[in-house]
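Only one chain is given next, in structure tokens, and it is the form predicted alone.
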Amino acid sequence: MGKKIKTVCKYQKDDLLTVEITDIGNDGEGIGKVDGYTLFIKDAVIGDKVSAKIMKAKKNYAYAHLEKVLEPSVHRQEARCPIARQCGGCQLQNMTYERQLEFKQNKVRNNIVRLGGFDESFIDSIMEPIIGMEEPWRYRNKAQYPIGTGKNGKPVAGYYAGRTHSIIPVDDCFIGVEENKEILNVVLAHMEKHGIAAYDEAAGKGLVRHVLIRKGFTSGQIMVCLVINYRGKAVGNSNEFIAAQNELVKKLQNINGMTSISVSINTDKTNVIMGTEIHTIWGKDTISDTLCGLEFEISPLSFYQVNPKQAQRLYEQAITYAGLTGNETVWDLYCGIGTISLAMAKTAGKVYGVEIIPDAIEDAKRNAKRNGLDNAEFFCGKAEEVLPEFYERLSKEAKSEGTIAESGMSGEEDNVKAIHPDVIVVDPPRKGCDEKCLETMLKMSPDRIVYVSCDSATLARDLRILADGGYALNKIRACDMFSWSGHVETVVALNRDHLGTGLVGH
């Protein structure tokens, strides 16, 4: 048997190459080839001709650093943010917004075709134009700034550099609200004046860890939560922080819209930002905002869409795809604080929401009551566990005529509607739906499924399972929720095959 010959890479680390960028990767990195050898180059734009240095070489491809743009693409623009390349937040600021939307549309399409195994021409026939932003700046209503110590010994706020915990100081982030800058300046000046130490992650010492800022875009209300590494008998005993607390509060409360100021206690050596113990030190415990005509109460720990304007457009598309007329029974899996559930409850007959996070379920119940919606019911647990359990239990109860389900449904007819609903909506995390959850959805055999996804790769996998289980893809639409990043949301409408090819919502 011959001796195995080790393959040597065509190129090595630190090789400098001239590359023409011909494609874009899933995270927005430029892709080019030299003599058939593929290079992935962050910050390069399709159409660029660049000089790039190899940082990590593999047999058939390499990751390279953009050294110089030799010939700029027609799609290239100057990044608005001066630290866009160092910061890990925005990967696409060098690309025009129009080309960015085209990239995201193609990303969704190509994943569904290649990973889902769907016919290319069929997907092209049902895919609608991406929902872009009218204004792709200042869209985030939430920011979490880590606080550290700069080289000059003064406290700094910013964002972590890509794949590190090194803070890049940020004076003003252009995807956040303008008030963020004013709030940070007040906090940092206060810390410097009173000698308050920033948290040192390595040593586990120092006081101020993060500053959380949230703004209600409709209400105009602002919340500030300081995450501190301190625990005492009461918040107020720390010489370095609380002695000057009133001074800080007075400065913050003068900012237009300020509604709530609180501290979050986090003394754990962890990269989890928020602690579970929150103390309001001025104003209200929460702020409010409006989404899809519904008012939501938002606490420091609440999940709430960070881009409410686009979230509303995404949810409106989901409601359109659901084809609601007023009598439907809807299951909303992975429902969070009930934003989609309650938006659909305005038109549906009955909505059931399922979510694993207890605090989110409590928020959902409060939000239903706050908005006077008594046709929405929420259950805490994993969708892949709650749904099969309810299906099995209600299937048995539905066989006993006139029984009353524990969930509060009135007898056999309601039980049948619950286990064979008109619509199931899923909005899972990035990993997609659990296999058991998908199996139960197919058993429940709803007329329509609306799938909202934040990852088109796992979406494609799950769509193949649903299609093989008897559902036809009806409509697909991408929605840009996070401009200047590689992320994109997608909503898909599916019908049971026997319903024919009618287009829901058209």
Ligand code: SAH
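Please read all numbers here as calculations on a predicted model, not as lab measurements. A residue's number is simply how far along the shown sequence it sits, counting from 1.
Below, we turn to the form predicted together with this ligand, even though it does not appear here.
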query: Option touching this ligand, based on a heavy atom within 4.5 Å in the predicted complex, out of Gly293, Pro129, Pro429, Gly220; finding: Pro429
query: Residue among Gly216, Gly336, Gly275, Gly89 with a heavy atom within 4.5 Å of this ligand in the predicted complex; finding: Gly336
query: Residue stretch of 319 to 327, 350 to 358, 133 to 141, 89 to 97 approaching this ligand in the predicted complex, non-hydrogen atom distance within 4.5 Å; finding: 350 to 358
query: 4.5 angstroms heavy atom contact with this ligand in the predicted complex for Glu384; finding: yes
query: Contact label in the predicted complex: Ile340 to this ligand, heavy atom within 4.5 Å; finding: yes
query: Exercise: Thr259 in contact with this ligand in the predicted complex, heavy atom 4.5 Å; finding: no
query: Residue contact check: Gln305 to this ligand in the predicted complex, 4.5 Å heavy atom; finding: yes
